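Shown below, as structure tokens, is a lone chain in the form predicted on its own; questions about how it binds or moves come after it.
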């Protein structure tokens, strides 16, 4: 981690973190920014899996689209238009079908991620966050492979291992602020609460109380490579009905064409409630992979040519995605920036109607930028 002084540290280079950087620059804010990201590159749930042994392989293993509840307006519309004009996104008209508990193809179920307009990253979803990050300019530095596990505040500055100091801090996820992190990462207390004692910033106290009320949502996404298959056209997304989700423990399947006729497939597996800790996670990843592979042939029954290849599909591993579920009323904009502690929040968990709603991620970043750079 770099040892230097910056104006702002953003933890997380997902959609909201990178959108915040872009929004601050659009408002003319000229401060230095350091992004700290645990992953190997930008993206978060908009990340794209790349392979060292196959440079042409690109698989969107988190969110396959940017989903909105309604047509964007205002600054949100301006942002999407800018991305469209640069060829970074296009409207997603790719076919979506449903799958019921009998394994039959039906109309796609009513789901928040499917109700409104959607955009797809070109050529992949990672392109979107890469473009937003580039909009930050030369005074934005991103450090990947840096998992922040503690937070410290010394003499009105945020201090990180290695000597990095920042006047302001933004969390684009809830991991360092939500009690669920205690079991998952083996901590004794919520890191943000440890750094800022109760009573120092009443706005932060209220924000942390709101965050503590969020429910956690987990996905176990199995990534697969299929050999060349003659299946054109095929649905881009296969959504299971609620009864089928309960039966199979799978939310949806997402298919993505690769070079040379190959196919990438991601099973979005639902969580079974098992306790996730540093010790149990490796075992759970193996269990979830075996479980998802076992139900795959039945889920592919409507597509026989693909079903026949299920046994020869190559697993690229399981990615665990965790997120807080937004409450119906959303977080008040007044709680997004806690001025006394100089800490702010953005992400799809602040507002929206479900896991992975891009609308909430982008709008919360635009709102936070207005508070940081009025």
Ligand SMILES: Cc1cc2nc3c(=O)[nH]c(=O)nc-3n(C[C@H](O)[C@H](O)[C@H](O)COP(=O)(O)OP(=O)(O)OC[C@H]3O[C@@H](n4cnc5c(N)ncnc54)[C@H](O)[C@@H]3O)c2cc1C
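Numbering follows the first chain given and starts at 1. Nothing here was measured: the structure is a model prediction, and the numbers come from that model.
Heads up, the form predicted in complex with this ligand isn't pictured, but that's what we're talking about next.
Heavy atoms of residue 221 reach within 4.5 Å of this ligand in the model of the complex, making it an interface residue.
Interface membership of residue 49, defined by any non-hydrogen atom within 4.5 Å of this ligand in the model of the complex, is ruled out.
Under a 4.5 angstroms non-hydrogen atom cutoff, this ligand in the model of the complex lacks residue 57 among its neighbouring residues. Although the partner is absent from this view, residue 366 stays clear of this ligand in the model of the complex, with no non-hydrogen atom inside 4.5 angstroms. With this ligand left out of view, the stretch that reaches within 4.5 Å of it through heavy atoms in the model of the complex is, among 58-66, 306-314, 330-338, 25-33, 58-66. When you look in the model of the complex, the only residue of 148, 196, 164, 131 with a non-hydrogen atom within 4.5 Å of this ligand is 148. Taking this ligand as positioned in the model of the complex, the only residue of 237-252 that brings a heavy atom within 4.5 Å of it is 252.
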